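Before any questions on how it binds or moves, here is one chain, the form predicted on its own, in structure tokens.
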């Protein structure tokens, strides 16, 4: 397969202690965490009562997705999307499994509909009023890399711009012994076909081999989350490095080359209007 390319128009990020992309960039450069970071994302896309009831995985996915669209100056309703998650919501999966064993007639309808892997994608399309195509993808530790390939292929096939979202939460109960993931982590990119002078551009090649162990500050900070394999790309974008390598499956990796400075300026500095 030939290399796939795209412009990164907008970035969204959230992890425990780093509630947005600006704080993540500052952390990579200085090692400083912001004071009084919120414990949970609060996605503005949802009505207040839905915001409180939404699972943490949905909340973080919607928060970073909206942040990326805002930085890109793109209307959320206009973008096809790819949502990548290794596990979906393991807390709800643990609840569903225990309830089906102990008292199957007491399953909560709300928690049941939040148990599906595409719950975040569904909340996004409803909240944003988006009727564009959306894809929910899981490929274990390669979920973000495969989601990136899917988004780039759709761009190559003719889409003008795509939203890519990666997210995972913590495992609870017996599942925690087999699914090693803790904390909450989300990252989103708005990718487009056309080059822009004020935005970095990425070039992706699929190679044989194993991705090196990640050593960036974001990778060390949130490395216990199942979506951590995406962090070498966000570390590179925050630090200005020109190459990032992502795990893309057994014996396979993505080599990502970043050009045009590879650092995303704040929207005001870049002259990009908020959506």
Partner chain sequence: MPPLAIRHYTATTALGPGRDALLAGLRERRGGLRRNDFGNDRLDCWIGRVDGLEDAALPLEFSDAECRNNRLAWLALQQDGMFGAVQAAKAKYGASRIAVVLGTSTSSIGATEEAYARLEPGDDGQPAFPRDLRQPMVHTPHSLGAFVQRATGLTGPCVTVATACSSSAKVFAQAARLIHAGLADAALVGGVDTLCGSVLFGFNALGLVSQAPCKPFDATRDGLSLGEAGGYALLERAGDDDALTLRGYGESSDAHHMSAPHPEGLGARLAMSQALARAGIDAADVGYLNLHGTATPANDTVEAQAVARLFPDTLHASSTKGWTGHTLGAAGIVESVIAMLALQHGLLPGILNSAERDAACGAQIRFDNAERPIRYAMNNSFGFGGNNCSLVFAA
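Residue numbers count along the first chain shown, from 1. Keep in mind the model is a prediction, meaning the values are calculated, not measured.
What comes next is about the form predicted together with the partner chain, which does not appear here.
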property: Proximity of residue 177 to the partner chain in the predicted bound form, heavy atoms at 4.5 Å; result: yes
property: Residue 182 within 4.5 Å of the partner chain in the predicted bound form, heavy atoms; result: no
property: Close approach of residue 255 to the partner chain in the predicted bound form, 4.5 Å, heavy atom; result: no
property: Non-hydrogen atom contact residue 209 with the partner chain in the predicted bound form at 4.5 angstroms; result: no
property: Heavy atom within 4.5 Å of the partner chain in the predicted bound form - the one residue of 136, 161, 199, 170 that qualifies; result: 136
property: Residues of stretch 138 to 168 in contact with the partner chain in the predicted bound form (4.5 Å, non-hydrogen atom); result: 138, 139, 140, 146, 149, 150, 153, 154, 156, 157
